[in-house]
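Consider the single chain below, provided in structure tokens and representing the form predicted alone.
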Amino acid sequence: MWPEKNIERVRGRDGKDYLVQNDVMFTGVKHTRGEFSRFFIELCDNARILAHRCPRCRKIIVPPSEQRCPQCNFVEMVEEYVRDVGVMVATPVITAFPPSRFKEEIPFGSGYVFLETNGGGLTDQALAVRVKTTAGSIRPGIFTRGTPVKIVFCHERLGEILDVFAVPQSELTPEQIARSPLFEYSLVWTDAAKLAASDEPVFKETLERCVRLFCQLRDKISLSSRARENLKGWLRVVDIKTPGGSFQLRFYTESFVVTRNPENDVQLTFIINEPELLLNWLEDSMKGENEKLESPALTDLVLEGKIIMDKPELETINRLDRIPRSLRRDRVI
């Protein structure tokens, strides 16, 4: 966030020298929410969703971005509360590479929701809102166009749109759907996914090969300054579960250890029902610069729902993805 001002010389892959400069830029702005203040105060103080309705054409909008109806000779709109259930307008966008402000929240989903009115219809304007799932990290396939959702209110609210988020109604009980408002602490945050455990020898063999390759990858990191930098300062205990069994990666600054004896201080869990995908990535990580790579990045596998995480945290996956590139650049492989 605040790098020291510095200019350094680095050697490029083409053998030429290049200058890299650190710059610091900060802009502070204080501004009023103005006519939107009522909407956010209602979210914060009363856990209610405020809308504006035109008394003539009956158009209803949320958030209340207009105070006068442009279709009815600018007649003044009136306040009206809407329900906290609705449907997705379209499949929400999943963000994996955000600005630094949201780095700790990735991956996260953002979409638009048509909310129900007290008369049974839907609002004419959609509310922009974060979307979450109670079954691990957000991933494709959970939300689509028309998915029924419930607006959930965060326990601690500040007066911003992040005070609320939407979850699929299919993940809630009828009592939770009927409850209004529904608060975040009322949700049951379940396991990320069901693991298809199997006694098939192929799964156990794949697991053993993954463990061996992770050990080889760990040994090569010590030979690469770039790879060590990829893990510098990173402390995580990651549980990797597959149908053939599980193992842990215990990250400490500049390296990690692989253990088949899991402990209880797990901070992140990966569930992989197709362990050959992880094996393919590990085999690619051992290939040299001119060899053809077959596997997508681990980050892509997360976004495709092939690797399911129990919480929104992509930094460990991103760091792992960097290691093979660093090993090739330092000509370790």
Partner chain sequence: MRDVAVIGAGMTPCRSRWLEKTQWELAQMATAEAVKDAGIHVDELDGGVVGIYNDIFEFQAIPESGLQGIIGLANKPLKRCSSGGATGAYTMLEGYTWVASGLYDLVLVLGVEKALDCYDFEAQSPTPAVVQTIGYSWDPWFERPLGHHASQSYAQVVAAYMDEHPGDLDPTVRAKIVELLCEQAQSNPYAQRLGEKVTADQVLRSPYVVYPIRKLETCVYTEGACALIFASRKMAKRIQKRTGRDPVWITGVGAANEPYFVGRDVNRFKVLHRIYSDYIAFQKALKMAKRSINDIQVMELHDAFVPQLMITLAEAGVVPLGHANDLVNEGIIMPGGRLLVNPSGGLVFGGHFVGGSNMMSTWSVMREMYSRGFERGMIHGTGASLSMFGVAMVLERRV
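All figures in this text were calculated on a predicted structure; none of them were measured in a lab. Residue numbers count along the first chain shown, from 1.
A second form of this protein, the form predicted together with the partner chain, is not displayed here; the remarks below concern that form.
How about residue 95: is it within 4.5 Å of the partner chain in the predicted complex, going by heavy atoms? Judged by the heavy-atom cut-off of 4.5 Å, residue 95 is in contact with the partner chain in the predicted complex.
Distance check, residue 100 to the partner chain in the predicted complex, heavy atom within 4.5 Å: Close contact exists here: in the predicted complex, residue 100 approaches the partner chain to within 4.5 Å, heavy atoms only.
Close approach of residue 311 to the partner chain in the predicted complex, 4.5 Å, heavy atom: Taking the distances in the predicted complex, the answer for residue 311 is no, it never comes within 4.5 Å of the partner chain.
Looking in the predicted complex, any heavy atom of residue 45 within 4.5 Å of the partner chain? Residue 45: no, not in contact with the partner chain in the predicted complex.
Taking the partner chain in the predicted complex as the reference, which of 154, 177, 258, 161 has a non-hydrogen atom within 4.5 Å? Looking at 154, 177, 258, 161 one by one, just 161 meets the 4.5 Å heavy-atom criterion.
If you check 220, 83, 241, 130 against the partner chain in the predicted complex, which one has a heavy atom within 4.5 Å? Among 220, 83, 241, 130, a heavy atom within 4.5 Å of the partner chain in the predicted complex occurs only for 130.
Which one of these stretches, 67 to 75, 180 to 188, 243 to 251, 205 to 213, sits within 4.5 Å of the partner chain in the predicted complex when only heavy atoms are counted? Selected stretch: 67 to 75.
With the partner chain taken in the predicted complex, which residues across 121 to 145 come within 4.5 angstroms through any non-hydrogen atom? Heavy-atom contacts within 4.5 Å come from 122, 123, 124, 125, 126, 128, 129, 130, 140, 144, 145.
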